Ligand code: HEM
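One chain is shown next in structure tokens, namely the form predicted alone.
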């Protein structure tokens, strides 16, 4: 592996670093890439009162996420923003509180539970297919459709039911929270939510909607102890010992995170397949050969090596978590030749590292075959779900959801690029396609394997 490229020079701050915050807020991906291109693998940037290190090299990433992970916490200012609606969930807490909470949630994601979740995802994915079949040969706006499907999947796997009449309202609320979180985390200062402004009024409304919806569902379940369910909520109730506040906080985090990331992954997947008919044909052939007329299950999707490679390559090019939560050093620390002081921030960016030509040949091209053999890149050059102790707890679930949905859709439908199709990114709290990213779904013949 090539050694990190270091530069003694770093960007000069203007207006106390507010210029950099403005660039992050307005055009983050190009700004991050420009830092790496101009200054190398470790770049020190002033962001208002904070000194932030942008680290791009796998050796540095490994130190922050794994080998010296205990010397960092997630940046408290960002966590306090998320705490407004996530409470003290697994997403937010640190230290021993995080360890205890993670132990309570881990049983919900055990491999032994995945077959049941897969059946729920397959059933909901077939509902999606029925909807798409009614609109074949027309332009479909992907982000909205896949976000709605991801919300429905979150509903059935979390609560054994969709949000039905509330579904569109909840979807808009989750999207709104993502926009609010991005705006607040990239602003130099925040006005108190109590101040009567239109933007604060909207935040209070969406937070109240989400909290009330989840609270009502949890309360109803807690009052109906005799009902047995195979969903995530049943596990949270058991391991949180019926503590409603803790249950609601973690349900909120799982609902928002699942909706955001899975919807984005599916949108990018279908956009890319529509643009690459040769790869789409290989996926169809694999499905016909291995799945045939059977239903996708947690077991048989493990044999779909081509589709798995396509999903992994999609995550390389368009990771929903394009920028991990900013870390803050709790002590002075040495990472290779980089000296990080106590209180310094560290930002890791999968989107940039995933597109580094040192690790991935033709890094900007969609080449799923790179995932069909042994990895030719360093371990920490590819980390779409993070890594180390705080790797995404729902990684296996998310991959299963995307694979099952893709199988159900592509068994019956094929894709064609829309005349209006374009790939344009909307990097906010997750990396999603811009509204208006479209494809055409068309019916196909099913061949028995």
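Note that the coordinates shown come from a computational prediction; the quantities given were computed from them, not determined experimentally. Positions refer to the first chain, counted from 1.
Heads up, the form predicted together with the ligand isn't pictured, but that's what we're talking about next.
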remark   = Among 411-419, 22-30, 396-404, 45-53, the stretch whose residues bring a heavy atom within 4.5 Å of the ligand in the predicted bound form is 396-404
ask   = Is there any non-hydrogen atom of residue 262 lying within 4.5 Å of the ligand in the predicted bound form?
value = yes
ask   = Does any heavy atom of residue 58 come within 4.5 Å of a heavy atom of the ligand in the predicted bound form?
value = no
request  = Report yes if any heavy atom of residue 102 sits within 4.5 Å of a heavy atom of the ligand in the predicted bound form; otherwise report no.
outcome  = yes
key: Close approach of residue 39 to the ligand in the predicted bound form, 4.5 Å, heavy atom   = no
task = Answer with one of 272, 91, 349, 283: the residue that has a non-hydrogen atom within 4.5 Å of the ligand in the predicted bound form.
result = 91
ask   = Within 4.5 Å of the ligand in the predicted bound form, heavy atoms considered, which of 151, 257, 177, 301?
value = 257
ask   = in the predicted bound form, do 109, 324 and 384 all put a heavy atom within 4.5 Å of the ligand?
value = yes
message = Suppose contact means any heavy atom within 4.5 Å; which members of 50-75 contact the ligand in the predicted bound form?
response = 74
